[in-house]
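We give structure tokens for two forms of one protein chain below, kept apart as structure 1 and structure 2.
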Structure 1
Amino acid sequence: MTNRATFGSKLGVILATVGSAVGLGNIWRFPYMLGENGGAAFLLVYILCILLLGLPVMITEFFIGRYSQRNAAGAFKALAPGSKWSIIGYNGVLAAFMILGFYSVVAGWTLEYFVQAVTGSLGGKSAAEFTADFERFSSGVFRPIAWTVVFVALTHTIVISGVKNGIERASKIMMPLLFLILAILCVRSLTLPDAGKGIAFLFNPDFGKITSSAILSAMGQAFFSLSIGMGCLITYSSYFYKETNLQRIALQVTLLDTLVALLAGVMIFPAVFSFQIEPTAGVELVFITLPNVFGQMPFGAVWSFIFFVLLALAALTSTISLHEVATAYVLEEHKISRAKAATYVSLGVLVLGVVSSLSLGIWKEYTLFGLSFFNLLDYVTAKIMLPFGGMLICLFVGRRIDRKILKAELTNNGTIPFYFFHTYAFFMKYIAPVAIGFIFLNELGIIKWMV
């Protein structure tokens, strides 16, 4: 495509792409999954999955995006015109849109808790009171929807400003701030009494806890954490300039994304163990357990405030990338302005967000396949669409794309080396689809049913 928008600098490329990967998956989902799967042993398997599975697939998505210079759906139409492979791109766009529908609700919750931290409403409560307050708020009508609207409006404002002036500029502010806040909270957590127990849980592996279920869960989390299969990486890499070293960017993004997940663990588990709270608190860890922990610390309101700023920033970097996937598709495929495209996407997301929020409260009795609308969006995207899309991406590049074209793009026409290209190509054609297929079957519960 001619006159296509691009990121303005190497730093912008890295921070924007890291921002698309870093989100609630790192700071909310990863710690509770690590807690539920035995700590350090899960962490070790997770890191191996990131390097052996996540990194190669990320490189592949970067190839698709930059080589095609198109949105997630248009990329496959350009690379395989007239074929059914374009279903991969439509799957990614739809998945991003659906994820944004319920993700914006959770993102809105971070703003509610941010305000409560500012006003001191989180102080002096028991664990039971935190639980009751969260259930009362999340099942309410007005406040959750109001915060969802605010978060979608924030996201819309950044996306509508464009790639360089909106997404890149916001990433250059938010990502350094996110790392700074994470570092501050980690230092505070490490200075608590008995913090060493949390560090031991995080870094001293008990290999007896490595089960087939833990391995598959780690693979799935690696997939979710790096935003693979949802069109974000393809869309963002379509804005890379041609001189970008795709291999290096993929490695840098992978390492920084993993670092955020590790820092989230260092921030959370020493504090959890210090106050003798079970690390297996699950999905309640962020909105119930941690406010309880902060409430027991000196200057607890300050630490709660800092933490929920962090959580809101992480959520916003992800909602921006998800929104951009859908916006770029509407903009390019339907030939309308960015302002109109972003507005249509935002309005659609608000509809999904309102229904998702109400499905946790007054509409909770209305279910499909036994799931509320909120949980249905989560289930269909995370357990079906993302692994399915990722598996097809591997098969597409491994079997449809000429290896000469693939190598030329990943080496910038031979100007940079790719020492393990043939290993990578073999992996993408044969190993990765099978590994992702196992994630797919495990997420659907088929493997558990078979054994």
Structure 2
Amino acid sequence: MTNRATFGSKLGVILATVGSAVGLGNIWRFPYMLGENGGAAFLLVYILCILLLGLPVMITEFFIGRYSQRNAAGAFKALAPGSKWSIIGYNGVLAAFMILGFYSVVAGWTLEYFVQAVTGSLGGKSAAEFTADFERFSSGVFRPIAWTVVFVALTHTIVISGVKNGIERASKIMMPLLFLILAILCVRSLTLPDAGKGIAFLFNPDFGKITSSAILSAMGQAFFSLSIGMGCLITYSSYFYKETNLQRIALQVTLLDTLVALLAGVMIFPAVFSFQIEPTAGVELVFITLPNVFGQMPFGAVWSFIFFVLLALAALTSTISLHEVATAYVLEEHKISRAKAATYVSLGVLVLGVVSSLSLGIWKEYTLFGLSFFNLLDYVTAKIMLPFGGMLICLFVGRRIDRKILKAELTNNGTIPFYFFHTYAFFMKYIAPVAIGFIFLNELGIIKWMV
């Protein structure tokens, strides 16, 4: 395809991709997954998943996207015409819709908290009051839905402005600022009374806590956080330049994403223990911990204002990338305008968003497998669809793509070295798919290796 959109600069490529990876996954989902799955042991398994599965899958997605120059579903049609491999792309497009369905609800919460910071209603409450307030707000009808709509509208506006002006420009400003504020908040949290307990929870592993479901959660979190397994990075890398060093970008994105998750952990857990909040609090963990931390800081309202703006922006660079997966697919495969494609996607997402928001409140009783609609979307995407997609992506490239073509693309036709190419290829072809399959079978109880 000629004249395909690209990102406008090298920095833009990195920031947009980091922007996709870094988001609520790192700051909202990672801490509560870690809290629910026993702390440091989870962190250890998570880091193993990032290195052994995440990095090889990410490089492989970059290969597929830039080599094919197509959207998530189109890429497989182009590389393996007439085959069933395009199911990977459809799995990804569907996952994008489903993730956006609950992600935009949480993103909407960040806007509510931002407004509360501005109006001063976050100050002077006890930990119990913050918890009660969060529960009241998130189980309500009008406010959370209104914020979800606002968030989807913001995402929509940026996506229709296209790759360079929308996605790239937004990421360039937001990402560096986010790092800075996280670092400041870590320092504040570490100097709270009893901070040491939080650090021990985060870094002192109890290996008895490594259960089969903790491993599945860690794997799901690794895929979710790196934005892999659903064609998001296939879509983004299709906008990369021919000169982009794919290996380097993969390494940088992986490291930065993991760093942000760790910073989020260091920011949250000392505060969790200091304010005697339960680490297993679930989806509300961040929303009840942080207002407490801000309350302990001079100019707390200013800090919370900056933090929730940045969290909303980090969420926005991720929702843009999710939206783009679906929009690029509809636009290219159904040959309609970007604006129209984006509108269909936004409307679909809004329906899912409204239902997930209500499923935390008035529709709480309607559950499937014991999960609310919100939690079901989260579970099915992160723990099933993304790892499954990642497994198939590895199998596809491992079986269908000539090694010489793979190596030529990943070394920009031999102009940059790839020192560990064989190790990467081995992990991608064998280790990653076998490990993912094994974790699935173990969780389903088909292989009994761990409880």
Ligand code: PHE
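These numbers were taken from a predicted model, which means no experiment stands behind them. Numbers follow structure 1, counted from its first residue as 1. So that the term is clear: the rigid core is the largest set of C-alpha atoms that superpose within 1.5 Å between two forms.
Between structures 1 and 2, only structure 2 derives from the form predicted in complex with the named molecule. Once you line up the core between structures 1 and 2, the Cα of Leu180 ends up 2 Å or more from where it was. The Cα position of Trp147 differs by less than 2 Å between structures 1 and 2 after fitting on the rigid core. The two forms, fitted on the rigid core, differ between structures 1 and 2 by 2 Å or more at the CA of Tyr46.
Here the two forms are laid over each other by their core, and the C-alpha of Gly208 is off by 8.4 Å between structures 1 and 2.
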